[in-house]
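Consider the single chain below, provided in structure tokens and representing the form predicted alone.
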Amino acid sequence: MRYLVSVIDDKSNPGSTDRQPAISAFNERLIAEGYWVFAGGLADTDAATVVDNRGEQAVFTDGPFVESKEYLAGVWVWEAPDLDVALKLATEASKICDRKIEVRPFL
């Protein structure tokens, strides 16, 4: 089963910025143990563009879709045998990243 693992940061109480070496080591372990599918950090929400093409003409809006103190800072996609394993890894990831983690299975 594949899981989308979202890293949630908080503008009013951001996580530590010195976590990259620990995150890299965690990623290497995910790769070695066969859980890694993909990962990537995201630019700040100020760099976002929302595209809405549901009407007559596409509308492009600068900035995030919603204004919120919490935002998506990065993602992993993991392959894990079940939700329990994904949640165990997410518990480690939260500590390593110093941020909240959301785990959602793909359909």
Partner chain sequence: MNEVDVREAVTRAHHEEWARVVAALTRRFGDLDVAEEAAAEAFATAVERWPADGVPANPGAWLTTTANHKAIDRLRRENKRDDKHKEARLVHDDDPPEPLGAIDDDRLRLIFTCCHPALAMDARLALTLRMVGGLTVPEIARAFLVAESAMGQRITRAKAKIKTARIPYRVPSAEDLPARVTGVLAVLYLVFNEGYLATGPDTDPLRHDLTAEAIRLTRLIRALLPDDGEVAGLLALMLLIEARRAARVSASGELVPLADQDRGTWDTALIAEGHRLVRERLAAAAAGVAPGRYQILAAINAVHTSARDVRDTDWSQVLALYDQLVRLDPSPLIALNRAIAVAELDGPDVALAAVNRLEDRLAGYHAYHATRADLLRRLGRGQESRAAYDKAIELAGNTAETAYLTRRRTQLP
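Residue numbers count along the first chain shown, from 1. This is a predicted model, so every value here is computed, not measured.
Although not depicted, the form predicted in complex with its partner chain is the subject of the following passage.
In the predicted bound form, segment of 75-83, 38-46, 22-30, 52-60 with a heavy atom within 4.5 Å of its partner chain: Careful reading of the contacts points to 75-83.
With a cut-off of 4.5 Å between heavy atoms, is L87 one of the residues that contacts its partner chain in the predicted bound form? L87 belongs to the contact set for its partner chain.
Determine whether any heavy atom of L4 comes within 4.5 Å of a heavy atom of its partner chain in the predicted bound form, and answer yes or no. Close contact is absent here: in the predicted bound form, L4 is far from its partner chain, nothing within 4.5 Å, heavy atoms only.
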